[in-house]
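What follows is a single chain, given as structure tokens, in the form predicted alone.
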């Protein structure tokens, strides 16, 4: 982990209230694992005082760049959306434990399921899995056609299915509608998105497959000091032991924490 000021080299709106920002700097040399995140200071004043945790969507070591995708809906992310190319951004990272691509043997197939703003870290995951000879199937869920992003990027890596809640694009409904309608063949499941979606994925697949889930929780410090993002362990009947999403996660094997 390291703190650095990084230069914005591209910044654009890619869907409704969704922005993609690419930053450049030496900090990229520390970024290796898909599913990790950075903690970004969005302004120059103390308001807002807390940084914003945002997952890493792409890593480009050759160009020393990494890309984040975020939804501008609160004070902090709206401030971030006003940043321009050439501005410097205060970045702390990389943080957390991401997905391990070593859990899938070469030649096998992975099912990747994402929902909403949980989709971005799965792109770097799919890219790294493909790079070591693992086929990927992607099932991505959004609210509406206006919210869909990164479809072409995922298609370039493997079969990709889109679901929208209002049926304006792809399959009408949720990712589970796609999963129930298509008898996919795979060996491992990776997922990131809303808690209710992760819970369904865990219940549906964890009995028969290795399942790895990336949790989205509110964070304070992002480095394990404030305990704002703790979640209870599933194997503790007393309910007193916990895991920190920021430092123990955000990726956990299914069954480790209560969702």
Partner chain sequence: MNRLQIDLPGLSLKNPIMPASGCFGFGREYSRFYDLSKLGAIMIKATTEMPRFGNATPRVAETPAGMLNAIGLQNPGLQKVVEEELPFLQQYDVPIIANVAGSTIEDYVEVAKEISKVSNVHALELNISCPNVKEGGIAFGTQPEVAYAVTKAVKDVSEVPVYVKLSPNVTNIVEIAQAIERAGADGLTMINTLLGMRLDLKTAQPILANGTGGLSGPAIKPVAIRMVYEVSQNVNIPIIGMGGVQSAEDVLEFFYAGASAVAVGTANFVDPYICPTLIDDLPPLLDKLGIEHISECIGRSWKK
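Residue numbers count along the first chain shown, from 1. Since the model is a prediction, treat every value here as computed from it, not as a measurement.
One more form of this protein should be noted, the form predicted in complex with its partner chain, which is absent from this view; the next part is about it.
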Which one of 27, 59, 221, 69 is close to its partner chain in the predicted bound form, taking close to mean a heavy atom within 4.5 Å?
221
Sole residue of 31, 197, 215, 231 within 4.5 Å of its partner chain in the predicted bound form, by heavy atom:
231
So which of 187 to 195, 203 to 211, 61 to 69, 40 to 48 is the stretch with heavy atoms within 4.5 Å of its partner chain in the predicted bound form?
40 to 48
Verify the contact flag for residue 244: yes if a non-hydrogen atom of it lies within 4.5 Å of a non-hydrogen atom of its partner chain in the predicted bound form, no if not.
yes
Taking the shortest heavy atom distance, is residue 1 within 4.5 Å of its partner chain in the predicted bound form?
yes
Would you classify residue 92 as touching its partner chain in the predicted bound form, given a 4.5 Å non-hydrogen atom cut-off?
yes
